[in-house]
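One chain comes next, on its own, written out as structure tokens in the form predicted on its own.
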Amino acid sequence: MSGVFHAAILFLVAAGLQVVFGVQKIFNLACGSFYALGAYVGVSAVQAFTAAGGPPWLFVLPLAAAGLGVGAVGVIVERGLLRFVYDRDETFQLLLTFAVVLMMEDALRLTWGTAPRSTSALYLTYGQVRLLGAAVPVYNLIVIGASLAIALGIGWLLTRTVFGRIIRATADNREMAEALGVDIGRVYARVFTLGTALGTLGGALVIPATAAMSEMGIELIVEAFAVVVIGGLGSMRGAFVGALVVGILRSVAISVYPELEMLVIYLIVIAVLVLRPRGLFGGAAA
């Protein structure tokens, strides 16, 4: 189940990456930095909550609220930086998001220092249950359930709401949507904020099981890209399936032969690129 837990976290980050690319056609390298930001803010929120006398069993509430709330930084990044490069070459967009990665890594070190921060004492607050002969922390099941609910919520948003139809129309044909009166700037700001919030929420939810470190975002970017390649760029179904493949393969490799942890994932990525370059669900709309 540890692989499914990791897949649940990875799905949130990859979903943010997919929705931004699907609509704005920007390959957002900064998704890993937003993940790290969510982790640090989550730690601070939980520490403040418990220091104020909040019951430990409710720590998941400030954790999730902090993860979602800090996603508002997406508006600042999109309005302050990205909107100036939408009509420029993809290389500029890629370099700009990479610059955001470097700036945020320094900002995290300046704000929280270089020592890892964690809330590991709360990880087993909800206890453990036995599934398939293994002890599984109940917190893992809560995160898996939350990710499934978010996946269903994104599907509902994209297919059942007016905003979802606007998002899909903008993704299909930006010029046509603009000609029909859609405020593209507002749509881009909301979509990028949604993508950012998914990444920061993923960072916040993972923190009870690990420690926040400034470089944790870089490590996750590699896995998120593997998810995108396997599932197909711009596909939400691809993000879901790709995250499951990467998460479970990584878990199996760690339990059998840890040295193969990333090699197995890279081999799958290479196989997909050779046999199905667009990914398992390539070409599907966001």
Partner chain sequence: MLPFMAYGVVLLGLNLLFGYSGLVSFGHALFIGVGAYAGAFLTGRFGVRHLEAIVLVAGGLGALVAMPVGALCVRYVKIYFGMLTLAFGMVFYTFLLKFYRLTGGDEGMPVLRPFLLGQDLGAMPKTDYLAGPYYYYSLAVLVVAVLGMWRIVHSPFGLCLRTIRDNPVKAETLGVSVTRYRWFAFVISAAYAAAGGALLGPPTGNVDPTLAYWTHSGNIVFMTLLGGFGSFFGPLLGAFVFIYLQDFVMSLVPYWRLVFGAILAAIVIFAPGGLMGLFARGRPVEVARG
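Numbering follows the first chain given and starts at 1. Because the structure is predicted, anything quoted here is derived from the model rather than measured.
As for the form predicted in complex with its partner chain, it is not shown, yet the points below apply to it.
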In the predicted complex, which of the stretches 134 to 142, 170 to 178, 205 to 213, 105 to 113 has residues with heavy atoms within 4.5 Å of its partner chain? 105 to 113
Checked Leu68, Ile218, Ala253, Leu61 for heavy atoms within 4.5 Å of its partner chain in the predicted complex; positive is Ile218
From Ile76, Ala99, Leu152, Val129: within 4.5 Å of its partner chain in the predicted complex by heavy atoms is Ala99
4.5 Å heavy atom contact, Val85 and its partner chain in the predicted complex: yes
Does its partner chain get within 4.5 angstroms of any non-hydrogen atom of Val269 in the predicted complex? yes
Find out whether any non-hydrogen atom of Val222 is located within 4.5 angstroms of its partner chain in the predicted complex, and reply yes or no. yes
Heavy atom of Leu244 within 4.5 Å of its partner chain in the predicted complex: no
Can you name the residues of 20 to 36 that have a heavy atom within 4.5 Å of its partner chain in the predicted complex? Phe27, Leu29
